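So this first bit is one chain, no partners, the form predicted alone, shown in structure tokens.
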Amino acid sequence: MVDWNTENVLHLLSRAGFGAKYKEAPGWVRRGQALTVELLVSQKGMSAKGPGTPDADPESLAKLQTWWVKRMATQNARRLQEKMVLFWHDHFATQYSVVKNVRQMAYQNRTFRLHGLGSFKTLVQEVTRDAAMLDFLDGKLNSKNNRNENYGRELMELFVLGVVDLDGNENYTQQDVENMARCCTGFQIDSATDLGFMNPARFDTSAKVLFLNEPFEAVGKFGFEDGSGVPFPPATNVIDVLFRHRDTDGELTMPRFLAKKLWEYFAYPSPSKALIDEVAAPFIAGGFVIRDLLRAIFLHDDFYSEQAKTSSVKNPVEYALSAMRATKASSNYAQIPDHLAAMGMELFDPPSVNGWSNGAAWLSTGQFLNRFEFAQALAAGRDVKAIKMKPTQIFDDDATSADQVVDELLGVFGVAARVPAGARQALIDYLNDPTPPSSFSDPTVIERKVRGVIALILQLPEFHIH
């Protein structure tokens, strides 16, 4: 059992959301670990949807990006829900630059919000019939007389099974791709509503064979739903076939695949098989409900290990929004999506079906410099519409020394325990140059020096990891 203290609360809020607000941690400490985690994971699906026109309109896309960024930045009880919307946007990566329909992207974003903590089977079902996905991976072209393999391949490769299992053995064959494509036939998009639907006349009703000669081989007229949009029962629903797939250890493949990906997203890379199976157990027992898997991750002692706190680079959304939350910055958020794009993360337009390259890839030279630009814009922010940050809201201007101010600000940003002594001293020296301030309530000191040290803290390597 971990010591439920401020450090661990800040770690959880950084990973399971977008950081903590100023002086927010003590309330979560008092709640205790179990209740804190339960409050985060227990939020029900929500149908909130951002704005979007049914065409390729840059202004409409900008409004949708702004809407979502503001939601991520300001949600409290639903912070994990929005974090999972971001995760699923990366997992089921769909590019606006291909789809060219903002309303479809808004609907998909809503789907992740509605089902992102619930049944994984339902989520896969909804993504399969999602118009943006049907556009992006050509599912709308896939019919019994003109098969397209794109979605069927990615369904197995990226969304449910993975190319190989934990032992490096292939999970499917080209024949499985071809037969999976047949299972995915029949979906189209209603041009009036921008919603996907099943057209039974285009669906391949013949029998399909999946995972030939495996112990879990399946033969049947598999598909997803009938012409009324009602999902096929487990006996003929291809998602159930995928969920019954087992790896070369004889374990269910999908739970291991998803548990590993979520553990690496929230904790650290390359977890052991034993750990994966441990956190996946309640997910399996509960019928593949995503919140059960997340609960197991956030209650696991290894989630609060030193490795988990120092091995993951914040993506641009995490970096920018955690900085804004910590500083209590206000904004209309209209400029934030441009900052995120400059840092390498243009919302609704990941670079490929594989999503974004996470980890150290976020810290390439150009993108890292753009993080510095954001840090400076935030620290200097005096425009209530763009970014406004008042230093007096996050430090005690009655402080009597630079040491006290620096330590307080390092605590605000959750890095006090990790910043090396030399870096801390450099920040103190910056405040004391050329002479120690006589008063930290002096507006000149606040505007020139305190804002400056905030910018420097946001550029410290320790603030870019969590």
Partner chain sequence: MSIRISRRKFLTGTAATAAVLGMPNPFQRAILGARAAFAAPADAILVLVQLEGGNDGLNTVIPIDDAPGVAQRSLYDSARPSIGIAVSDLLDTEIGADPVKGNRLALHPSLAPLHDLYTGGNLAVINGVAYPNQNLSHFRSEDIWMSANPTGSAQNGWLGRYLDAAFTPSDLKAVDFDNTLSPAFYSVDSNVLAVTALSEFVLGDDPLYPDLAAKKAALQAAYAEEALQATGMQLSVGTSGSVLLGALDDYAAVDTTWPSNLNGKPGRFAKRLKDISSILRNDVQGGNPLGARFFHVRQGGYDTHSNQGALAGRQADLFDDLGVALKAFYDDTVDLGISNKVLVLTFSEFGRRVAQNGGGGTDHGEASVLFAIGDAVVGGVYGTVPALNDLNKGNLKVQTDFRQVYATVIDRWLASPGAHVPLLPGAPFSTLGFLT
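Bear in mind the structure is a predicted one, so any value in this text is a computation, not a measurement. For clarity, a rigid core is taken as the largest C-alpha set superposing within 1.5 Å between two forms. Positions refer to the first chain, counted from 1.
Below: the form predicted in complex with its partner chain, not depicted.
Think of it this way: in the model of the complex, its partner chain has a heavy atom of just one of S191, S272, S206, S352 within 4.5 Å, and the residue is S352. For the residues V219, A334, L195, V313, the 4.5 Å heavy atom test against its partner chain in the model of the complex is passed only by V313.
Shown here without its partner, the chain carries T122, M389 and E408, none of which come within 4.5 Å of its partner chain in the model of the complex through any heavy atom. With its partner chain omitted here, the record of contacts in the model of the complex names 413 to 421 of 397 to 405, 413 to 421, 65 to 73, 51 to 59, defined by a heavy atom within 4.5 Å. Its partner chain in the model of the complex is not approached by K23, whose heavy atoms all lie more than 4.5 angstroms from it. With a 4.5 Å cutoff on heavy atoms, Q367 counts as touching its partner chain in the model of the complex.
Using a 4.5 Å cutoff between non-hydrogen atoms, K385 does not count as a contact of its partner chain in the model of the complex. Residue contact with its partner chain in the model of the complex: A281 places no heavy atom within 4.5 Å of it. In the model of the complex, not one residue of 58 to 80 has a heavy atom within 4.5 Å of its partner chain. Core-superposed comparison between this form and the one not shown: the CA of E59 stays below a 2 Å shift.
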